Structure formats: C-alpha cells, structure tokens
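Given next, in structure tokens, is a single chain: the form predicted on its own.
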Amino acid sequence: MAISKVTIVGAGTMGHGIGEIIAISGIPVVIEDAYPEALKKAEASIKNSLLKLEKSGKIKQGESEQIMSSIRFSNDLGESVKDSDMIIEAVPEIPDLKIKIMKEISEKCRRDAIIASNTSNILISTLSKDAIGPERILGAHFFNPPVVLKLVEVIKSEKTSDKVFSETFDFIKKIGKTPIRVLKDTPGFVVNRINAPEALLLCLVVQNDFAKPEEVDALGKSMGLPMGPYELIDYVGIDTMYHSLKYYGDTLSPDYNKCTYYDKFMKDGALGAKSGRGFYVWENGHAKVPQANPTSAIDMMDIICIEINEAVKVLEEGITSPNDIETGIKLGMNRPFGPISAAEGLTNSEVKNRLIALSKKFGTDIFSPAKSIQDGKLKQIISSKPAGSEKKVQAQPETTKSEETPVILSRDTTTKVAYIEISNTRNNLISVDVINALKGHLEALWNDKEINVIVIRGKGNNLSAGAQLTQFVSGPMDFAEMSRNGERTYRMLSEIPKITIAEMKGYVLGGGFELSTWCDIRVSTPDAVIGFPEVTLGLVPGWGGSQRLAKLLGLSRASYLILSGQRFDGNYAENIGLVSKIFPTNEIEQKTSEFAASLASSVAPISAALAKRLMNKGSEVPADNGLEMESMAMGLLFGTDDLKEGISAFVQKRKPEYKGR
C-alpha cells in the first residue's frame, strides 16, 4: 500500500515534530489533538522550526509556506483518521491513555490503515490489546527531537503482519529517517532497553553514597560528554526516569525497583529542568552544577560494559541484529560509537570480570554477565544475525553501516571526476568509520579507468574540524593502531594513480588538515580556519601530519605551525605555498569542480600517476635513485598510446583525448 496521507494523534513535542518531518517529505498530514490550545502551540512551533530550517539552508527559501499548507490541524479524531493510510499515535506515555486512544483509532479509521504507536517503552502487545485488527498495529518510535535525530525503531509485536512491518519500514526510509528492525516486542525496545541498566546504575551510585551527582558529571564531561549523566536526567525529567524504571521493574526485572532514590524528588515535585530544580537548580535553561573533581567510584568502562551486557541479552533474545543495535545507539543517543564496536575492542574476560564486580558491588543480577559472556562467546554473539532472520520480514537487507555512511562517494564519468564527501556530525569529524569508509572508496576508485581526478570535500560549510575525540578506545595499543590505520589510509591519497584535490573550507583542523596535506593539490576559501591544535590538547598530529607538513613546507615552518597550534586562514596558506588556488567562499564547490574537470580533461592519466609517485617516492630516496626511477618512468611512457595522442594533438593544435593507455 502506498502511504500517501498520514494522521498524527497528539500535538505535543513528539507529535508535531513527527508531523513536520512527514510534511517536509511531501506527504499531507493531519495533526489531531483534543485540546485546541495544544494545536495552536503545535502550529506555531512548526512554523518557527521551518523558518529555522530555511535560514540554515536545510529547506529551500519560501518552502516553509508550501509545507505548512500540507498540514491540517483538527480536534475531531474520527474525521482526522477516516481517510488516512497511516495513523501515528503520539499521546503522553501513560499506558491506560495510550490503550484507550489506540482502541478509538482502530474503531474510527479504515480497516486497512496502518496504526503505529510512538511509545518509547511500552509493549506494543499491551497497547493493541483492545484494538480492532492487531495485525496492522506496530511501533514506530521516533527520537526527540524528531526533526533532528534520524533514528526510528520499527517494532513488531507477535500479531503484527510482515506486510505491515515492511511497509512501515519502507515508509520511514521514504521520509528521510533511518529505521532499525525490532523483531520482538520487549520493554524499551532496543535503545532504551540497552540504556535501562545504566539508568539503574546511576540511581544506585547516589542512593548508596558512592559518589555525588556533580562528581559523576565531572567524570562524564572529562570524557567529552556535553552533559553529565545527572544533568541529562534533569534535562529529560526525573519523572520520566522514575516511571521508566518502575515500568522495567514490572516487565523486565524486579531489581529495577531497587531504585528508590527518585521517590523523594517525585514527592517534592523536583522534576529537573521542567520544575526548576532536581539534582541541580535550573535557571534560564541551564543547570547550576557545582564544581567537583571526577569520581573514581565508577568509570566509563563500567557503563560501557553494562551497555554491552544488555546488548548481548537483546541479541540472545533475537530482538534485532548487531548492526541495528550499533546504528540505534549511535543515532538515537547521538553518539560516535555503540556497544557493538566497543565490544569489538575488548576481550570477553575483561567484560565478564567487570560485570561480576559491578553485580557484587551494587547487589543486582541485572549487571551479571549475560549467558554468552558467561560462556566466553561475546565475539560470536556480536557478529550473529537475529533469530527470525530467515523469515519473510527479513527479505529486505538488514540495516547496515553503509545506509548511514559517514563518507559519500559520487562519480561524474562525463568529466572523469569523483567526489568523496565527509558527512559526519556538523563539523565532519574524522572517526574510525570515516577512515574505513574513505579507505573503501579509495580502493574502489584505484583502478577505475573512468576517473582521473578525485576531489575530497566536506558536506556543508566545513572540510573537517578534526578527529572525533569521543570515540571509544580501549587502551594505548588500540589508540596506536587507530593512528596507524588513519596514516595508511590518508597515504593512499598520495599514492592512488589519480590526481587528488583537497577542498579546504570552514574548519580544516587536526585530522581534517592532515587529510588535505596528503592530497596532491589544495584549494581553499580565503576565510578557511586551518591548523594543528593537537599539542594544545596533549596530543600530536597522529595521521601523518608531523611527517607530511615538513615535506610540504620545510622543517622550520612546519615546526612553528605544529608546536604553536596556531590557526591561520586560506590567504596565509596560499602565501606559504600550502594552497595552490583561492576560490570565493560561496563558489568553492563550483570552482573546485571546474578546476578538477579541467585537469581531468587535459592531463594524461598515466603521466600524472607516474609524476606524483616520482615526487612522493623520490623525496624519500637518494637523488641518484630518484633519477633512475625518473628515467624508467620515461621508458614506460614511451610506449603508451597517450604519448602518441599528446604529440599528435600538439602538432594538430587540438585538445588531446587521453584514454589512460
């Protein structure tokens, strides 16, 4: 069934956000709520959000009016749902209310309409128990804010039909979101289920006086988190955490009821940011967190191992796949890594021993090792497929990392130019996934005869602001290997038999600057912000910068730029010979593409490949060896068709047509 009209029931933050996303994708939406004031507030919020998207360039100028015209607001449930192909329930997370609304929707909508609940925790089987046609009911859990976060958990109950599940999965992709498959109904589904033990841990830490909230938050911020765990609980709402743990205590394990610390907050109405006080006092949207030293009572590895443990339980129960767990945690929690990639960097015994210690320390079996970890099979379970993968519902490919690739490859065979675009966070930070994706694209282009030039650029306004420092690294050797992998991958840019061009714009810092140094040619905007800040962070340029920059600029100038951590602009980079061309900021992509196309059409591919290798390799050997390499290159070129074409075109005063032969 083609889903061409959608109704959202509930005009709150989630409801109107989901409605906005669907309308942006071009599908008409009705937003229904029993309270007229809620509808007015939702309409104003959507208008404001669309104007912001226009201003940021995420939608076209003037498009907000067209999108608003496709959204209708109503307080008549029956009239709102009668013609819809899909109805998404987004009322408050109160089980009895949701059960009642789901029943009413099922009675008033078409019998073939899909009904989805945006619940974040509650079993779909519970919500659909009184509804007509449970086979057409499933979960579609968007994450807050839905306009920003890409993840949607698509949840299948025991009665949901495979057809409805597949159609909903495809619909979520159609509206620009990234769905993951939740194949079994479980409280909290995937992301919240994996975070549930962490929520219990944080409660028990303060309940047992192991540490103060501000000490744990200081630890979190020292690890690069924008908010400490307790500040985040305040921001989300202590009542939300309280109700979630109570629900998990009723449905997952009675040990979740061991958290009683939040009872006093609920009694006093101290619910966090929404009430002005919780763990902290809130003023003007910000928490007043007391200064404190990071705690040693727990560390980040405790939290990581607890997440890994629950992820393993999710896999053992056949709820989803390892890839979907990783995608879910990364996109749903807006994090650079998930428990699967963390588990890949740890041994089974490391995880097992830490979980045993945590279970004893906090007196709960929830932290006890899952069966696969207990049996020493961590690596096997995190690489497995979910139970039920052979069923019809799995006929489509699993969600893979390539669907959310942080590096995008596009090829223009007409101009013989390929574009590799970094798309990871707003500042295009360099992560392990970015490095691996870049390596894969370079390998794919290595022998591609239809491509002569490769442009490296960043999505949006920046090339890259450097390494994603919040990545999970289990120890010094892993950190060294991450550096080595990046060095070897970046070096491919100088060795690949194509001309490589770095498009330097916005932030070009750290690992982003290193990436550009490995390219053959660099172009820049005059206002690009370039530099190596590593020594000011306690690091060194770790992806070849300490070696490459000295070869490009000489030891003296490279020493100054690396040891001072100074930032400089594109004009300065051109003056010192680092950048070859300066293009206007608002024309950089067009001008770079024109420059690349000009090179691709005028330079003989074999000559260019040999010339760059002579320069790069010749600088590493004695001059006599370099000259010997040069003479051999000349011999190789003598027999090529391209040499004959070049001479012929020169004599005939025409543009050569090189074939790379």
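Not measured: the values here are computed from a predicted model. So that there is no doubt, residue numbering starts at 1 and follows the sequence shown.
The form predicted in complex with a small molecule exists for this protein as well; it is not shown, and the discussion that follows is about that form.
Asks: Mind checking whether each of I194, S253 and G338 has a heavy atom within 4.5 Å of the small molecule in the model of the complex?
Replies: No, none of the three is in contact.
Asks: How about T640: is it within 4.5 Å of the small molecule in the model of the complex, going by heavy atoms?
Replies: It does not: once the small molecule is placed as it appears in the model of the complex, T640 has no heavy atom within 4.5 Å of it.
Asks: Is L627 close enough to touch the small molecule in the model of the complex, meaning at least one heavy atom pair within 4.5 Å?
Replies: No, L627 is distant from the partner.
Asks: Does the small molecule come within 4.5 Å of any heavy atom of N144 in the model of the complex?
Replies: The answer is yes: N144 has a heavy atom within 4.5 Å of the small molecule.
Asks: With heavy atoms only and a cut-off of 4.5 Å, decide whether I59 touches the small molecule in the model of the complex.
Replies: Heavy-atom contact with the small molecule at 4.5 Å: absent for I59.
Asks: Find the only residue in S464, S516, T525, N118 having a heavy atom within 4.5 Å of the small molecule in the model of the complex.
Replies: Among S464, S516, T525, N118, a heavy atom within 4.5 Å of the small molecule in the model of the complex occurs only for N118.
Asks: Within 4.5 Å of the small molecule in the model of the complex, heavy atoms considered, which of L539, A292, L552, L97?
Replies: It is L97.
Asks: Based on heavy atom distances of at most 4.5 Å to the small molecule in the model of the complex, which listed stretch, 350 to 358, 118 to 126, 264 to 272, 201 to 209, is the contact stretch?
Replies: Careful reading of the contacts points to 118 to 126.
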